[in-house]
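First comes one chain, alone, set out as structure tokens in the form predicted on its own.
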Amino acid sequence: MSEVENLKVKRNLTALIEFSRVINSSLELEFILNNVLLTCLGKFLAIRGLVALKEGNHFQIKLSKGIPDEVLSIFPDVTADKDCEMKEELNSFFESAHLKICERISSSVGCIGFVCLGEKLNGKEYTDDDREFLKTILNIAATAIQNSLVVQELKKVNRELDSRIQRLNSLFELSKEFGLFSESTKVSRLLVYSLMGQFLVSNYAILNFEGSAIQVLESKFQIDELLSKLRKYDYLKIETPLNRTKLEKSYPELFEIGIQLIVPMQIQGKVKGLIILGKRVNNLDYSDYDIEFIYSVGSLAIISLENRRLFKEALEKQKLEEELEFAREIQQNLLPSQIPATNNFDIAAINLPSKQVGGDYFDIIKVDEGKYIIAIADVSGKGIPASLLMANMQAFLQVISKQNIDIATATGLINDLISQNTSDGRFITFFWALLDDNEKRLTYVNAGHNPPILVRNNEIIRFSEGGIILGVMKTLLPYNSNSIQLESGDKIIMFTDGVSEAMNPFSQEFSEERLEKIALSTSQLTSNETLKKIREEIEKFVEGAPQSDDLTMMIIRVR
């Protein structure tokens, strides 16, 4: 080797050592690539060049010198294999960019990119020695580039980890804040503020569903337009987040008004609301990680909203229960507290209200010495309206029974009064009678009530004479009455349909036939004993099944 060649080799070695020292002094990718490209351009007096690295399965130009932007813009999007094979598209680009030589950058994990250089200033071609020297430079640089890429990936992972920790902390804090608010508007406002701060959105809407009804909690979209377009789709079936691409394809009318993301709020798999977001101020798309966070915040919010709703319902239910209990107490006070003592009759009565406020009524009113009005009635329906009508009935009866009017005529008057006071289709089945203690006589009118049972000599007689039920229409046909001369041993059982229609778990009714059999089998028992026996048989029949109707009976045994 000549002295000149020795000197040249010595300079190259010195340059390579210095190059290695410089690029390994930093982990910044930009610094390393700049040194690699500038070193190559300077060494070979090239006027242009670029460095491209693999990102995923594609090449990305990371640095270029002397190549116009319009040329760089046509860099092909080709799949990068393990060996960085220069495909036809790449070679065409190199030709367009006037790049004469390309060499792969290979590290311990394989090819990670390539460097291309343009023509030399002196117009000479690249020699084999030039290519070998370029390979040497890139082999030295490969480790530094690989290390830099690993550090960059670690930094990216750390940033994502920090972001996840920050968002987890946000979710934790939001969960506490959501639990503090007692109004749904404050919950939705907090949800909006957290999303606006996190994603820089100015257009949003928070919707809450109650069945198919939509409650707009917050909206920066035009509400009428938003709802009209939303109703064109089966919005209750939006069970997964809809990003920009899905909206544009499957929900074009929503996309046209600027909606970029819809995230459902669900409880136990059921869609209870939607978070609707517009474009972000920084023009970034919502990433999968962003959508995951919004879904988590939305879940916290909808659970809080649902808890508020359930709490409100519980309060309203408790209040209603208190009112019903109060109504039940009033209703019970309208019933006679004591059964008057008579000479010839053994009388017992019972009213067992169901959980609801019902309309059963019975009464015993002394109208004269030895004469009593006995009555039993059942108002249709349940609740406060039925109890109020029952109270009306009691007031009418208390007044009319003192007027010394025969009960058939009086029944017509009561019917007219009840008809004037009912407007929602309610009615009353009513049986009443004048009981003469001195003559053992009963004169009755049955206005559509379950006919009471008279047990005489082991036979059943029903009291059916009367007329229509009360409250349906004014009295057009007079009510009929019937008078029965009672005998010792006779037993009368008056009852409401809560007795005959008591239901067992198999949806079977107790029935009047069962009641008649018990009436015959207990003909020798006192009124209280008979009452007790019927209750026992009903309780045995229903097997603990809850009853929806009051149970009312009055039993009269003739001494």
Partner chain sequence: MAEFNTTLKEQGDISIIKLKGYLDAHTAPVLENKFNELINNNKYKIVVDFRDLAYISSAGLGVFMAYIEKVRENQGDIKLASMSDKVYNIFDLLGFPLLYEIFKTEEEAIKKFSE
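The shown structure was predicted, so the numbers you read here are calculated from the model rather than taken from an experiment. Residue numbers count along the first chain shown, from 1.
The form predicted in complex with its partner chain is left out here; the points below concern that form.
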> Any idea which of 185-193, 369-377, 458-466, 306-314 reaches within 4.5 Å of its partner chain in the predicted bound form, heavy atoms considered?
Replying inline: 185-193
>> Can you work out which of Asp288, Glu173, Glu85, Glu487 has a heavy atom no more than 4.5 Å from its partner chain in the predicted bound form?
In response: Glu173
> Out of Gly110, Gly425, Gly197, Gly123, which one falls within 4.5 Å of its partner chain in the predicted bound form, going by heavy atoms?
Replying inline: Gly197
>> Check Val201 for me: does it contact its partner chain in the predicted bound form (non-hydrogen atoms, 4.5 angstroms)?
In response: yes
> Closest heavy atom of Glu322 to its partner chain in the predicted bound form, within 4.5 Å or not?
Replying inline: no
> Though only this chain appears here, would Arg159 touch its partner chain in the predicted bound form if you measure heavy atom gaps against 4.5 Å?
Replying inline: yes
>> Test of understanding: in the predicted bound form, would Glu177 fall inside 4.5 Å of its partner chain by heavy atoms?
In response: yes
